[in-house]
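First, one chain by itself: the form predicted on its own, in structure tokens.
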Amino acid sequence: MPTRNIIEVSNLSKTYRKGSAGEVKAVDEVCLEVPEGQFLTILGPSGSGKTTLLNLIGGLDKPSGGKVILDGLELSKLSEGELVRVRREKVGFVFQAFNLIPTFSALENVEVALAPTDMSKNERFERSIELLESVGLGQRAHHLPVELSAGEQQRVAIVRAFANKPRILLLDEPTGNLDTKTGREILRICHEANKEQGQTVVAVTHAGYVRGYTNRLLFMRDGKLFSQIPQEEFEEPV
């Protein structure tokens, strides 16, 4: 039986008006199908439209044209409340800037993702500790984000995204603020989640070394998506 598509994007566009420059198409008639359980990476330089595309797929932004179907649901037909529920229950987001709550400890940052569930306080605590320990942060659970390294903050952000066991993980430049060694470790964690838990992963990045952790690569430039990857754009770092 063929694997079904958990993400379907049809003729998707997002247009912005930028002063005297007129209209700029950040996403230009993109079509994309992502089978359930795939680890897809979209490579592209800064300003190519990668983050905008990811935000449209995750329902964080509304398209100017076209449609996104996420796990059988057409996002444009959902109310704002329904969109919030889809994002909470089906999608885990990992951002380049981490987006941790600065006054919350690592543990509390993970627990807050579980607050809307029917878990008891003790269950939320145990689940959060288990997740932090799985990425080597058990001893750092009560530290504030400012007391953690960039790599540690990104690991907290990742396990927070895992917390609700979403079917889809959307990674926006997950290694962008990290050195190559730490970036590879972050990608390894995401790769293991994809393999062991069957989560569908869509990552956007400009880091060429991501190719070793994914099973499908696409390239984005000027708002358009291509299957051919320009080799000169993404040399392996030394």
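Because the structure is a prediction, the values reported are computed rather than measured. A residue's number is simply how far along the shown sequence it sits, counting from 1.
We do not show the form predicted together with a small molecule, though everything after this point is about it.
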Which one, Ser48, Thr41, Thr182, Gln38, lies within 4.5 Å of the small molecule in the model of the complex by heavy atoms?
Ser48
Even though the small molecule is not shown here, does Glu173 get within 4.5 Å of it in the model of the complex, heavy atoms only?
yes
Check Ile69 for me: does it contact the small molecule in the model of the complex (non-hydrogen atoms, 4.5 angstroms)?
no
Even though the partner isn't displayed, in the model of the complex is Tyr16 close enough to the small molecule, meaning a heavy atom within 4.5 Å?
yes
In the model of the complex, Thr200 touching the small molecule (heavy atom, 4.5 Å):
no
For the chain seen here without its partner, which of 186-194, 50-58, 30-38, 208-216 has a heavy atom within 4.5 Å of the small molecule in the model of the complex?
50-58
